[in-house]
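The data below hold one chain only, encoded as structure tokens and taken in the form predicted alone.
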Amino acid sequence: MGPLNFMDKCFLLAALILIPAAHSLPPPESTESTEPKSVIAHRGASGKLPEHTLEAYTLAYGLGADYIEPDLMLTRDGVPIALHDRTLDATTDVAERFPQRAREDGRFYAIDFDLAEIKQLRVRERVEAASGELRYPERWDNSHRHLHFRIATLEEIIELVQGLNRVTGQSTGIYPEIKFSAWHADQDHDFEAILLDILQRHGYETRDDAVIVQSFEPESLLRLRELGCKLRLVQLISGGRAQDALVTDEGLDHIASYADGIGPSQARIIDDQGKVRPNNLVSAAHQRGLVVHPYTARTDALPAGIDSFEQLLDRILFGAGADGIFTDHPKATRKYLQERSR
């Protein structure tokens, strides 16, 4: 047998670590809902492998995620790639490979590079821009120089998930986020049209399909509806005051007119003492038929007032009654749900 190519390795990895029947577990007890809670793998299994790589997405699949979540940016030639930031500095070696390509602010913007150039970059664990130190020191060690992680395209992620669904019989979905829609429009890219075309070509067309599209910008989701998008949409809501209007009665009514759910910061669900806020945001959303998927649960970055990852999940998913959660740690989240269901 010759050496395994990347896709062979992905399928083998998923087969070795796949949790049987992870998506058919009995629903945990909940006073809010009898539906199972969704485990959304934030940037893949980003707590274990460098974020937004095919390896991280494959691991997340095998660890029982219900949805694989890629943030999306566009290249200069209009290809959606998995990247959280507008710039490449924090998660790649772009400064070493293309030292003359920084803008006046000293940053390297993804949209200034063609896909062929993006594919030359090596992805690393996220570092802080000022210090170069790892943001999460207990995660992947960037000193492993012989492993070459690459930036993934949306189509590669789709083909990976659909291929694994076919060989495992599962129905894991994708949960892409449109990043900086208005900024991309200023760069002469119609992000929503590009995304919708790719999703439709791969069979994602109705609200029953295993895809949810998310954005912080209401105009982006409204643009998708304008283009005839029938997929499920989720309005993300930051923890900052700039989006306070979205969690008012009027704001939630407006969201319900174009979206199927909200993705609030966990800071809007629990306070700085770790207690469920009395504002009933989850209940208010449920009254309008909106699902609630807060972000982001991390074992290595617990919010104030929370003593353990399990306590965080319990407060958000069952204390507040959220329908699912974005998490860097799908294995720990799935394990918690399994144990609670027993």
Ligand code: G3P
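This is a predicted model, so every value here is computed, not measured. In case it trips you up, residue 1 is the first one in the sequence shown, and so on.
Below, we turn to the form predicted together with SN-glycerol-3-phosphate (G3P), even though it does not appear here.
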Of the listed stretches (42-50, 312-320, 271-279, 56-64), which one has a non-hydrogen atom within 4.5 Å of SN-glycerol-3-phosphate (G3P) in the model of the complex?
42-50
4.5 angstroms heavy atom contact with SN-glycerol-3-phosphate (G3P) in the model of the complex for Q235:
no
4.5 Å heavy atom contact, R122 and SN-glycerol-3-phosphate (G3P) in the model of the complex
no
Hey, in the model of the complex, does D71 get a heavy atom within 4.5 angstroms of SN-glycerol-3-phosphate (G3P)?
yes
I'd like to check something about F149: if you look in the model of the complex, is any of its heavy atoms closer than or equal to 4.5 Å to a heavy atom of SN-glycerol-3-phosphate (G3P)?
no
Exactly one residue in R223, H189, H84, R139 has a non-hydrogen atom within 4.5 Å of SN-glycerol-3-phosphate (G3P) in the model of the complex; which is it?
H84
Going by SN-glycerol-3-phosphate (G3P) in the model of the complex, which residues of 295-317 come within 4.5 Å of it through any heavy atom?
Y295, T296
